[in-house]
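As structure tokens, one chain now follows by itself in the form predicted alone.
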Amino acid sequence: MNVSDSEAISGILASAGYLSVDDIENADLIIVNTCAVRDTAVSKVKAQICRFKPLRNRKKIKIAVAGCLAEHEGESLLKDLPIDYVIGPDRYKFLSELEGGVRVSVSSTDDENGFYSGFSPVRKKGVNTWVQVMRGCDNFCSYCVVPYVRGRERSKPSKDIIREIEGVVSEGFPEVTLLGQNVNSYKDGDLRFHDLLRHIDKIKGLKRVRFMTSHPKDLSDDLINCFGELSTLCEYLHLPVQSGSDKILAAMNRGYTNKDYRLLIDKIRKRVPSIALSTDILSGFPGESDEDHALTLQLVKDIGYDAGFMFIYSKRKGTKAASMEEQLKREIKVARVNEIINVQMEITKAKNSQCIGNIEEVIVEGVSPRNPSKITARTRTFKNVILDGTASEVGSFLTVRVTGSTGWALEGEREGV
């Protein structure tokens, strides 16, 4: 979402006559697009801004803080950091109106629903691009700051989404990832997300579609049935579970149980047995016991995710969980999340080893950063494959045989060569 927002910011500034520069010393304006979901993200961005202070003092470069941190902490950032502007995620169009020397703070409102339809994003050249289908969230999970910094759910009109995807396909992007805090809640009149996917599937020239993120409580049978039926929809689903404990899931206000989640996984795998699954897990939530942690570990082992993203719970100002009792010590949270990570690492390695011998369609994404004689490619199940090749093949579709696994990535060779 932040990458997509940064592309929108670049488009807004380009329309106002700004040019991007490779050397930061030549900049007039530095924009730091931020996240406020976790303490680590906030700490990193504040440290980075402080490193820009000498440039601001010496070169008179203006610094703007945009995004969720700007909305979460507001004008207090102007007092605490060496910056000039604070602009929330739904007011980026005001970046084109900034005047030198004016210290302004522009807070987020429901301006244009945050979709910036009047500006063309400046997209990074590549294979995949991002298309936002909705913004905001109505779920109010007790640990999450998103509804407070990005507002309530708003869906982009389907006709605008179709037009945007047709445009990026004509620019040479064969793959799009549809974005939303909870894409399952998408609605445009009577049209729902599964309907949108069916319309998108008909776009000529589009080869692959992915989406994120899905909320388990809203994952409908209609959406599950799109897998294996729509030729563009990849066999990959990111479905955050957060915890395997019903007690913790209720405290998180997630709206489903361990059993509910497992039944969804069973439905998905029955529909497409080869589908790859990934998840998010939040470890160390207030009141989480050893038993709750064990339930999460067991769920990870039983589901057998292809990949997982594990995080430590951190207090977010304004959320319900921040005021809950039984906040856990950091050393407990770190130990628990590391245990989950280690379990998932072994599962991922085993899953990838099982792919050896498979014939896969891949799209070449780039040159391997570790070996210029190798290229990296992506399967429909979102697995990375490393094989011989050159930069001239980026964007090409190849048929490969998986010959090995490095643990996190697959190794392959061209089929029939």
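A residue's number is simply how far along the shown sequence it sits, counting from 1. Quick caveat, the model's predicted, so the values are computed rather than measured.
Beyond what is shown, the protein has a form predicted in complex with a small molecule; the following relates to that form.
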*Since exactly one of Lys156, Arg208, Arg316, His293 fits, which has a heavy atom within 4.5 Å of the small molecule in the predicted bound form?*
Arg316
*Can you pick the one in Ile340, Ile332, Ile312, Val127 that has a heavy atom within 4.5 Å of the small molecule in the predicted bound form?*
Ile312
*asked:* Just to confirm the contact call: exactly one of 280-288, 296-304, 258-266, 200-208 touches the small molecule in the predicted bound form at a 4.5 Å heavy atom cutoff, so which is it?
replied: 280-288
*Flag Asn184 as yes or no: does it have a non-hydrogen atom within 4.5 angstroms of any non-hydrogen atom of the small molecule in the predicted bound form?*
no
*Answer yes if any heavy atom of Thr213 is within 4.5 Å of a heavy atom of the small molecule in the predicted bound form; otherwise answer no.*
yes
*Look up in the predicted bound form whether Cys144 has a non-hydrogen atom within 4.5 angstroms of the small molecule, and give yes or no.*
yes
*Any chance Gln242 has a heavy atom within 4.5 Å of the small molecule in the predicted bound form?*
yes
